[in-house]
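Just one chain follows, in the form predicted alone, and it is written as structure tokens.
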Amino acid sequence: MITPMAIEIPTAADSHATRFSTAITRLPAASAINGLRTQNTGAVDINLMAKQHNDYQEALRLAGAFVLELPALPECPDAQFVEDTALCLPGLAVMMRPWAKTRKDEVAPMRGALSQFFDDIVDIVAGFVEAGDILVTPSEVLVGLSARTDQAGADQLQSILKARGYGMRVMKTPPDILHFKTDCSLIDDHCILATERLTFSGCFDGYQTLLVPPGEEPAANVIRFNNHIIMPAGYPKTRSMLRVEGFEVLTVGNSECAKIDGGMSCLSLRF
């Protein structure tokens, strides 16, 4: 088993941020042009997607990640969105159960990859859960019920996490938001970047929140890898705001994955 640097979960008195060492990505297949989408925003340019995928991986490396790129899965058009397949916590990987039938065959190959890093791997076998609906903070795991994650799946996940000492809270994702993390990201251990529509639902009470400027809602989905924030290009107000707050910001083009409902967090598993 490969042993990456473990995620550091701080105590309340610890001022250090959670640290990551590893990111898993998957090469987009040519079939990605047929990925799931909630609306038609134009044809996917697969060559541009491949370039943006490489840029994304380079940003992760600049942030200090060891990047493991998995081969394309041509039979799974959405397989590059690896985050939905697993929840990775210190010493534990929980394999998700995607809502779409076209995505079910993504899970087993990811389970094999994660077996290099985790001894404790558990499978969701009831209902549906996609990790795009899960936001992990140092104090709890937040799960948003959505069109892709239901109560049965959330209940089983809660049972798995409770048995291992993790607290979990379930909430309702507003109906116009695809995944819970479509509209939010943890940008340090105590601050959540989010849209107004999700924040005003009350789900982040008790957390510091930073709102993306109106008109830049897609920029709420970013990833933090140690001292860096990796965000989609094209949202200058959010980029400037994050820099003013003291974050090191890397921008990556995401136009093609966005056409099939993919954001920054969807494209990697980080632990």
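Heads up: residue numbers just count along the shown sequence, starting at 1. Fair warning: this is a prediction, and the values are worked out from it, not measured in the lab.
Just so it is clear, the following notes concern the form predicted together with a small molecule, a form of the same protein that is not shown.
Stretch 79 to 87 is the contacting one of 160 to 168, 121 to 129, 136 to 144, 79 to 87, since its residues have non-hydrogen atoms within 4.5 Å of the small molecule in the predicted bound form. Against the small molecule in the predicted bound form, the set 58, 63 and 249 makes no contact: no member has a heavy atom within 4.5 Å.
At the 4.5 Å threshold, heavy atoms of residue 182 reach the small molecule in the predicted bound form.
Contact between residue 261 and the small molecule in the predicted bound form is found at the 4.5 Å heavy atom cutoff. Shown alone here, residue 110 lies farther than 4.5 Å from the small molecule in the predicted bound form, counting heavy atoms only.
In the predicted bound form, at least one heavy atom of residue 266 sits within 4.5 Å of the small molecule.
Checked against the small molecule in the predicted bound form, the residues 36, 50, 33, 210 give one hit for a heavy atom within 4.5 Å, which is 36. Contact annotation: of the candidates 93, 178, 192, 154, the single residue with a non-hydrogen atom within 4.5 angstroms of the small molecule in the predicted bound form is 178.
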